[in-house]
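Take a look at this single chain, the form predicted on its own, given in structure tokens.
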Amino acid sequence: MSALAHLHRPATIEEAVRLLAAGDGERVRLLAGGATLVAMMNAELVDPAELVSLAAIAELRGIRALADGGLRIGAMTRHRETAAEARLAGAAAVLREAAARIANPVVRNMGTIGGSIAFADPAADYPPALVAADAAVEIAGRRGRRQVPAREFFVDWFATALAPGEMVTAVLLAPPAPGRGSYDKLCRVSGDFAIASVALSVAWRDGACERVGLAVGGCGPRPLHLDEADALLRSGRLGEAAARRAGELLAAAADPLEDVRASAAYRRRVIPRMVERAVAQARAQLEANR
């Protein structure tokens, strides 16, 4: 932490928003778990004059059921809590599996879901899982609160739908449905950011697919999702041909970078294989439940 940074400890979301709105861009930063922000400060990539700690805001902590049976995951919920949440079952298990693959136990004990998605690293684990699960992100600002579908929240490289003076307050999920949610990532070493990742959420009823959500991470500026791929898998009953075509469509639409982890060509090459594997596992479970 910068020796010059002044630390605020608001007790409510409204107070945190006022402090954030009163600041001047990069000079005021929200401090959630600190897994990313503190590392950036130590590397002198950012040097905020004021920090707004969210640790004392009770509304931001924990996972609770909503009136309709859905789930609200507060922005300050730690990765380890999300990874251990039994209510994230069936099609919603994609989010639990993604949380369990984040970095290492130290980071999972410290990092929060709100801080992670607000930073919006394209290679992070939560973004594709949230898109696959058709989640929504709750945002608070000076004009009140609003909800943004995860598919619209991530907009570009490290950029989100957050407007100046706004903050993430929660992730909202529909009532968990019977089905399968899975998350897999390819990385050079355990705990590293993804070279490529695949998040799949399949809800079924009476042996038939009701909803399919498929998203790829690490292969473009935001999670890669195509309605056409989802429709193919749903109408094709998770069949091999549908999985192969869905993987080809996603690979063609990918816009990956070349970096120290992998080339752009390699990332495109592995997408179909990872998609086919995820779909095959879901198909096997669906057939076993018939």
Partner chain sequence: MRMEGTFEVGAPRERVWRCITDPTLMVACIPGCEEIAPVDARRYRARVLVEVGPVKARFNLVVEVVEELPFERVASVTRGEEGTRASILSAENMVILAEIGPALTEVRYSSDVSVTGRLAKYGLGMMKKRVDRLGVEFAERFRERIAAGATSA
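What you see is a predicted model, and the numbers here were worked out from it, not measured in a lab. Positions refer to the first chain, counted from 1.
There is also a form predicted in complex with its partner chain; it is not shown, and the following applies to it.
Heavy atoms of residue 45 reach within 4.5 Å of its partner chain in the model of the complex, making it an interface residue. Within 4.5 Å of any heavy atom of its partner chain in the model of the complex lies no heavy atom of residue 228. Heavy atoms of residue 245 never reach within 4.5 Å of its partner chain in the model of the complex, leaving it off the interface. Taking the partner from the other structure, its partner chain in the model of the complex has no heavy atom within 4.5 Å of any heavy atom of residue 252.
In summary, the region of this chain contacting its partner chain in the model of the complex, judged by heavy atoms within 4.5 Å and restricted to 150-158, 90-98, 202-210, 67-75, corresponds to 150-158.
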